[in-house]
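Given as structure tokens, the chain that follows is alone and in the form predicted alone.
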């Protein structure tokens, strides 16, 4: 097949109009943007999403792209040479793979639309005409929507509530956090509104995939969301450069030079984070003060690589404490630590909070240190698999809200059933949202 045969005007019109119109009508039934129906390759990916075969759709898209490349290359070598034969053979192999993946997608599509699988043959032979029939006929309707950007009917209700900013603390009004995947917007978080006053130590609880790290990244500005993040009434996103050292973030894995000493590590951080107006003596005094607070004076001359796990974690915290930030965020600071060492570390964090700071912590073993926390943020995946706020408030009240006696039991009740949980996330998301709306309404009427 030559280039002139490959890109014929008739083929382009047929592809854009017949398939485009048919696919657009199908996509409209499932809430997919109809513009994708007129983009070859992309539309097949979205058809696979309708068929609940997204991974197959990605593979189909890549195979189809490669097939187009082989067709063009074969046309360029149309001289009976070995290269032309090689590209033609590659094209045939790709066509076979596309045929097999197409069967999988079309069979699933028939199941989603509750149609007999004989339609699979028609989809393979006449996709344009078949898509027009399915698109125009009212009897071809998917049994449930699977491909909308956010299924409002399937998941817990989205609230219209926002919390008022507090002047001494952190205020989060997060409408959504999303990413683009193969041209489709996928939501990771939605509808999270809360405020944390200074002096509070807060547990961030949620199952795998509930969006804990995504939430922290949104708060820190590392991955900005559709949100307003206020610290002491100032917008963190809009004033990031002037406020970035008012936030301390301690990741699960530390990034420190193992051959440097503890004092060298903190001296470097002081030079990086403290104002240039401070003298060298003042910076050294700040380093000593932080080492004393974190119990590192006895190991100040030790190399980082020779510290114990608990000491290294304290050093990671000390690096962030140098600039005296208001907000501390820690992602599993007790990872790899035994019970006694972890307990001592959390007591240190409690002391930091008591000095007028905000401390937010993710930990997989919350119940052994729960007495040190003031509040808990509970994130849960709703029916649309999006991270939502199921509860925020005092630890004691959380047990009554969920009807459970421990954080582990709370986690189990909000996890989806296919994850071994009770699958009650949407219930608590809506209950909490309703309570928040009531409180907000009463405050406005006062």
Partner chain sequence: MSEVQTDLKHIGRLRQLIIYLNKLFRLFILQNDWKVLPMAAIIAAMVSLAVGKGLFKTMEGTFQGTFALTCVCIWNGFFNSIQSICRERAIIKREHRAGMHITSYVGAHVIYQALLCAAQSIITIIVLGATGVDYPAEHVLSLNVGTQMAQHGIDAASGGWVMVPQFTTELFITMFLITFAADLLALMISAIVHSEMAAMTVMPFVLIIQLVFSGFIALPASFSDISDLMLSKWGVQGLCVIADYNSLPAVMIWNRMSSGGDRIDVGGGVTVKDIMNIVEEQGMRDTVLQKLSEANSREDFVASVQNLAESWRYLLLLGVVFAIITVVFLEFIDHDKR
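Here the rigid core means the biggest group of C-alpha atoms that line up within 1.5 Å when the two forms are laid on top of each other. These numbers come from a predicted model, not from an experiment. Positions refer to the first chain, counted from 1.
If you look for the form predicted together with the partner chain, you will not find it shown, but the lines that follow are about it.
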_Candidate stretches 117 to 125, 324 to 332, 68 to 76, 88 to 96, one within 4.5 Å of the partner chain in the model of the complex by heavy atom_ = 324 to 332
*Just one of 171, 159, 316, 130 has a heavy atom within 4.5 Å of the partner chain in the model of the complex. Which one?*
316
*Name the residue from 271, 365, 351, 175 that puts a heavy atom within 4.5 Å of the partner chain in the model of the complex.*
271
_I'd like to know if residue 222 sits close to the partner chain in the model of the complex, meaning any non-hydrogen atom pair within 4.5 angstroms._
yes
*If you check in the model of the complex, is residue 208 within 4.5 Å of the partner chain, heavy atoms only?*
no
*Heavy atom to heavy atom, is residue 231 within 4.5 Å of the partner chain in the model of the complex?*
yes
_Within 4.5 Å, heavy atoms only: does residue 251 come near the partner chain in the model of the complex?_
yes
*asked:* If you apply a 4.5 angstroms heavy atom cut-off, which residues in 223 to 247 are near the partner chain in the model of the complex?
replied: 231, 232, 234, 240, 242, 243, 244, 245, 246
_Given a superposition on the rigid core, I'd like a yes or no on whether residue 392 shifts its C-alpha by 2 Å or more between this form and the one not shown._
no
*Could you tell me whether the Cα atom of residue 45 shifts by at least 2 Å between this form and the one not shown after core superposition?*
yes
*Can a Cα shift of no less than 2 Å be assigned to residue 404 between this form and the one not shown, given superposition on the rigid core?*
no
